[in-house]
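Taking the form predicted on its own, here's one chain by itself in structure tokens.
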């Protein structure tokens, strides 16, 4: 028989750097979860992605046990890494801060495809392109799906 779910917690944590300090400690402690056990498991599973921001969904059961799912880094973070920027444009409609190629958009879409709400690589690329535009990043070249 399946366990009864007590709570679902969504956090964004740097890979390999989970510790009991805020925001992790208070979020898990309020639900009665063993914070150190979560930190150990999370750090062990994210060693290869050290330093990257990773969304994690923690399912806490009524008996205080837990499971967690680690997602891919957010698209905005991947775009910032690709363009080597600190942040997006404060006025994306007026001030453009960088540009990326459609090949870079395809790479980001391929990585993030499992977390996105789409079925084809082209639709994933359109979602990534929309995020880039909203950050003030222009796209160079011809879109591969318009040919």
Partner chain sequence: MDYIEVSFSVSPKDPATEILIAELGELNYEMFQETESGVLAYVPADLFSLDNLNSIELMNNDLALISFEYKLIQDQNWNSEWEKNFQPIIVDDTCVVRAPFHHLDKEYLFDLIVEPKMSFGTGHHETTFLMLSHILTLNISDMKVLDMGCGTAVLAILAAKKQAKEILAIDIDEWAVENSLENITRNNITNVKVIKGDAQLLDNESDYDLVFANINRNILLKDIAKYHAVMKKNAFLLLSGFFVTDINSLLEASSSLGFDLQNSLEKNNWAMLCLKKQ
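Numbering follows the first chain given and starts at 1. Being a predicted model, the structure only gives us computed values, none of them experimental.
A second form of this protein, the form predicted together with its partner chain, is not displayed here; the remarks below concern that form.
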At the 4.5 Å heavy atom threshold, is residue 33 in contact with its partner chain in the predicted bound form?
yes
Contact label in the predicted bound form: residue 99 to its partner chain, heavy atom within 4.5 Å
no
At 4.5 Å between heavy atoms, is residue 12 in contact with its partner chain in the predicted bound form?
yes
Would you check, heavy atoms only and a 4.5 Å threshold, whether residue 24 touches its partner chain in the predicted bound form?
yes
Spell it out for me: taking its partner chain in the predicted bound form, does every residue among 37, 41 and 75 have a heavy atom no farther than 4.5 Å from it?
yes
Residues in 37 to 64 close to its partner chain in the predicted bound form, defined by a heavy atom within 4.5 Å, in order
37, 40, 41, 44, 45, 47, 48, 50, 53, 64
